Ligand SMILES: N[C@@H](CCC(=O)N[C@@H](CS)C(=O)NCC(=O)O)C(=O)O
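To begin, one chain is listed below as structure tokens, in the form predicted on its own.
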Amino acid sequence: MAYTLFYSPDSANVVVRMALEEIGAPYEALEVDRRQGAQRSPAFLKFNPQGLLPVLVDPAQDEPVFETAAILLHLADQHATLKPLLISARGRFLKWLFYLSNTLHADLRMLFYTERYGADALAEKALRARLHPRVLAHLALLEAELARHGGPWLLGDDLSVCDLYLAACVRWSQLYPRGDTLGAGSLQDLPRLLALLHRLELRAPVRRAFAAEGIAAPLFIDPQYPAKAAV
């Protein structure tokens, strides 16, 4: 049976959609109109009481799965792909997956939604000023990891869900919040990361995932806004 993915264009669900396309798993995508606040509707809150995306419904599971890293880990384990197959590499896989989720993506969320954390416009601007170098430091650490083992992907020779997640985070850092982003110029000192992004954008499953959400190339470097952006 097919998965069901609840999505809004260019939300974290695009990472899950890339994974589903790479795996070749059948799925149905149901749009949640965040511009109309549909993620806070009683119907959607039954799937995720936080009112957040993405949500994946797996017919084999007794409850919907939410949290991006949890969904990616679930899919990688279910299909035995997009992850290292050696048991000895399991810890390395998990640490970088959760670094992306709990550190890089978490700081990006604060950057995108500073109004939730700052008392006024001045405080929000100051918070963003502190977050920009933090995000760049995270990307520099990931660049160093790519250099440590020579790539071409974050975990080595094989593509993983970590690469999909990383690429989406880099994309968003150049788009949001509008008017105060990192900008593509911030990536010029990260050649291995840039190479990873170029390599990923050439993959047909990745292009299909973004096209399904109304997003045209370029995807990861100087990216384009989706046709229906909620942020």
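Start at 1 with the first residue shown and count on from there. In this text, all values refer to a predicted model and were calculated from it rather than measured experimentally.
Another form exists, predicted together with this ligand; not displayed. Remarks below refer to it.
When this ligand is considered in the predicted complex, R109 lines it closely, a heavy atom lying within 4.5 Å. Taking the partner from elsewhere, L196 is found to have every heavy atom lying beyond 4.5 Å of this ligand in the predicted complex. Residue contact check for L53: one or more of its heavy atoms lie within 4.5 Å of this ligand in the predicted complex.
Using a 4.5 angstroms threshold between heavy atoms, Y117 stays clear of this ligand in the predicted complex. In plain terms, the part of the chain that comes close to this ligand in the predicted complex, with a heavy atom within 4.5 Å, is 109 to 117 out of 135 to 143, 122 to 130, 109 to 117, 156 to 164.
For the three residues R34, T68 and H105, a heavy atom within 4.5 Å of this ligand turns up in the predicted complex in every case.
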